[in-house]
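Given next, in structure tokens, is a single chain: the form predicted on its own.
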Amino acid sequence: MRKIAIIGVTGSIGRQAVEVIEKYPDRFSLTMISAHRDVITLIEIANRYKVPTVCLTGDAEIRAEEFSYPCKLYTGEDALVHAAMDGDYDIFLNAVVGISALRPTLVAMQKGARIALSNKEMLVSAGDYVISRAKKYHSEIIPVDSEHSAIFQCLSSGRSCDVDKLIITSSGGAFRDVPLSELNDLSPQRALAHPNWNMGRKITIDCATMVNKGFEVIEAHHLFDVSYEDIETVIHRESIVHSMVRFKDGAVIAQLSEPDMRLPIQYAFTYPERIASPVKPLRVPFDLSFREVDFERYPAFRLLLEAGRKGGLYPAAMLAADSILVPAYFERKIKYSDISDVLEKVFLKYDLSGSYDLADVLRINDDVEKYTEMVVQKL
């Protein structure tokens, strides 16, 4: 029986993880959960599975009397860190959006837990730091994002020294077929109409700009210790091939499946074992198409690649700026094209090369968020 903690349990990934756990009650036990504001869903999940450790990080009100059983309830600013310290788990699924999950995940690493990682922000903002800590504490990181899970699976076909290229696929997002002349001011509602995936609001916007894919390239660099020159990105409309690995002998190994996040979630829980999943089998025949990324359509993606190559705190700055720009776009404070324009302003404003520590990551996050808010107000 594997004991599983899910932080961000009320989000899209968290809820699908609960589905996986529910299918195999003899294999998995849900021992810790957290949410930010969705108190109703948090309580419902806690009561259904009698979760021993429950955490609420937001300012919503929650009372112990609302639980049908005795549990440890953590609330407040540092609640998630304390819950991670005290919780009992073998696998720690980080499904929280933002860098607020950085410290509790480092705590889970220190306890030697397997990290099932669905949070992009950790490796984007502090990849060198996080990977060094994982090695120090012998904590394995199993990626949950479909692209990185695919690469992780493909890499089992050869030795790391035999890898030639990682090939990350991208659907192209909701605006992949929109004429370039119309990209200036498209509504958030149109951006949310992702053709292939059902995901959270922010990540769906990030797919439209391909900011998300830029973050994924940075993640892949850290997760698999591969240079940026050896990571390629292609547009793959069907979202059937989730990523590929080309080896030095010319063989290309790809992972194919239906676009369903329950598969990489379950694999992170069961690795190295494979068991039946709730995902419907992929049926053949099917059509597959691949094409190069059009940087004119996706200027933010090019900028993210440059931030990754420059290293230091540049990726953290891009991440912080994007966290302000996407909500501003939803609120119609900025246009769609402003997202990439403001990201470039942030990129050019700071000199962020060199080494850093955790305090530097948190500092630049605050500084860039404030600067980005100021720029948004002036638009």
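Note that residue numbering begins at 1 and tracks the sequence as displayed. Everything numeric in this text was worked out from a predicted model, so none of it was measured.
The same protein also exists as the form predicted in complex with a small molecule; that form is not shown, yet it is the one meant from here on.
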With the partner omitted here, the residue among Arg114, Lys120, Lys111, His82 that in the predicted bound form has a heavy atom within 4.5 Å of the small molecule is Lys120
As a check of understanding, the residue in Val368, Val361, Val9, Val20 with any heavy atom within 4.5 Å of the small molecule in the predicted bound form should be identified as Val9
Within 4.5 Å of the small molecule in the predicted bound form, heavy atom basis, the matching stretch of 165-173, 150-158, 270-278, 95-103 is 95-103
Using heavy atoms and a 4.5 Å limit, would one call Arg27 a contact residue for the small molecule in the predicted bound form?
no
Original post:
Any chance Thr53 has a heavy atom within 4.5 Å of the small molecule in the predicted bound form?
Top reply: no
Would you please decide whether Asp38 lies within 4.5 angstroms of the small molecule in the predicted bound form, comparing each non-hydrogen atom pair?
-> yes
Is Val226 close enough to touch the small molecule in the predicted bound form, meaning at least one heavy atom pair within 4.5 Å?
no
Every residue of Ile142, Glu238 and Ser257 near the small molecule in the predicted bound form, heavy atom within 4.5 Å: no
